[in-house]
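One chain is shown next in structure tokens, namely the form predicted on its own.
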Amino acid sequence: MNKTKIGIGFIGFGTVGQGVWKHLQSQREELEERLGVSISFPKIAVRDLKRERGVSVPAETLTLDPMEVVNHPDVNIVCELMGGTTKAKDYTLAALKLGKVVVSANKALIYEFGREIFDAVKEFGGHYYFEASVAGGIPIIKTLREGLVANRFASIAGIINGTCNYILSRMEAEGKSYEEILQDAKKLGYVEADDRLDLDGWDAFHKAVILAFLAHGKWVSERDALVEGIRNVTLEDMHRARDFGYRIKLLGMIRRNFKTGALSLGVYPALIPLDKTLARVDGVYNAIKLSGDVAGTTILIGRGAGQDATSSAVISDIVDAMIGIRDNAHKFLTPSDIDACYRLGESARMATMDEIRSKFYLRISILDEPGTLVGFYSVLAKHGVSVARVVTYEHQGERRGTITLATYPTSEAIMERVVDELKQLPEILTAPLVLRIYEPTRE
């Protein structure tokens, strides 16, 4: 029996690339036997030919020019693991225009140029796999597009940034400040070089946009989303959240109202009830909760980052791509898949701030004098915001107090107006901190 020859090339050979190489090499004979293929690694593009690496590769396979990988006649699958967007887009499109398969973990690239990449797939016949772009080792994309394909998802809620989850988990467990844990996270290599991607919520936002497109066929821009990071969350907030029966996590939230077509997407620190699974996911782990109309609730939990978790997802795509090449029949992201996603998106529209409702947590620093609460409560009453629970904390020896409260559901638009007016009150000493309260019962 003649085996199909499949060449795998790498553009970028850092931690993830070396992990993929290592595991493919260790499983090579088994994969070849099971799939009926012959695997080779013709070219690997690196930044430095002399750099020491954790794996040993033949020197003749290394190149400084990624286009050598793209154009190599024996490379069928291009693993784009270099990161970034501009150059990565150029190499990705060049490979797709040659009808090749591209496997990527690059969520920022998909967010910024996904439509262009998918159009190239349709026009030139290449294929694009990107399981590793969201939630590391959790097979969320395959779950959405295959395992739960019969479902419509009223909500997708997820802890999809391991760095923020690690920081918040350790703050709470060890009673240390955000700044202390952040320094440890940086030393361990958990924080992106541009720390805004992790800490300000943009990494999680890019991932949530990918999930929203696959589930609802809509590319969501940042102007239509709520994106907040964890920099303003304090240890005091974590203690108060516990008092109220919650834990604070950075949450990616996608909701769809199928009656009105309204779709909302947000990434923000949220209070999650202590008895819910998402509240118990700690460290660098990710978790995603899918609420489908057929299967009901599905929760996936796993490592969201790291060499092995991401390598596992990349290899899963490589195996699917090899089967597609062998059978000349790729199952994922075919032109009909892409068209189906866009048709689904035709019935969706972005929700207004008046339509997005939630319970809220507020922390306010206020002047501790008789009568100072009158103005505060009058603002809430003016906008019809009802308080479910409130606790006031004194600061001994100081003329200030801290109020923490949880509201009943209200809209984002109303809460924005409330906060703007509270800032104008002379008795309010600092801008209120506002966090959303996750309500799984509404799903």
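Whichever C-alpha set is largest while still superposing within 1.5 Å between the two forms counts as the rigid core. Start at 1 and count along the sequence shown; that's the residue number. These numbers were taken from a predicted model, which means no experiment stands behind them.
Another form, the form predicted in complex with a small molecule, is not on view; read the next lines as being about it.
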| query | finding |
| --- | --- |
| In the predicted complex, residue 432 touching the small molecule (heavy atom, 4.5 Å) | no |
| Exercise: residue 45 in contact with the small molecule in the predicted complex, heavy atom 4.5 Å | yes |
| Residue contact check: residue 51 to the small molecule in the predicted complex, 4.5 Å heavy atom | yes |
| Exercise: residue 306 in contact with the small molecule in the predicted complex, heavy atom 4.5 Å | yes |
| Interface stretch in the predicted complex with the small molecule - options 172-180, 75-83, 253-261, 330-338, non-hydrogen atom within 4.5 Å | 75-83 |
| Residue among 106, 291, 312, 358 with a heavy atom within 4.5 Å of the small molecule in the predicted complex | 106 |
| Interface residue in the predicted complex among 87, 145, 242, 152, criterion: non-hydrogen atom within 4.5 angstroms of the small molecule | 87 |
| C-alpha of residue 49 moved at least 2 Å between the shown form and the other one on rigid core | yes |
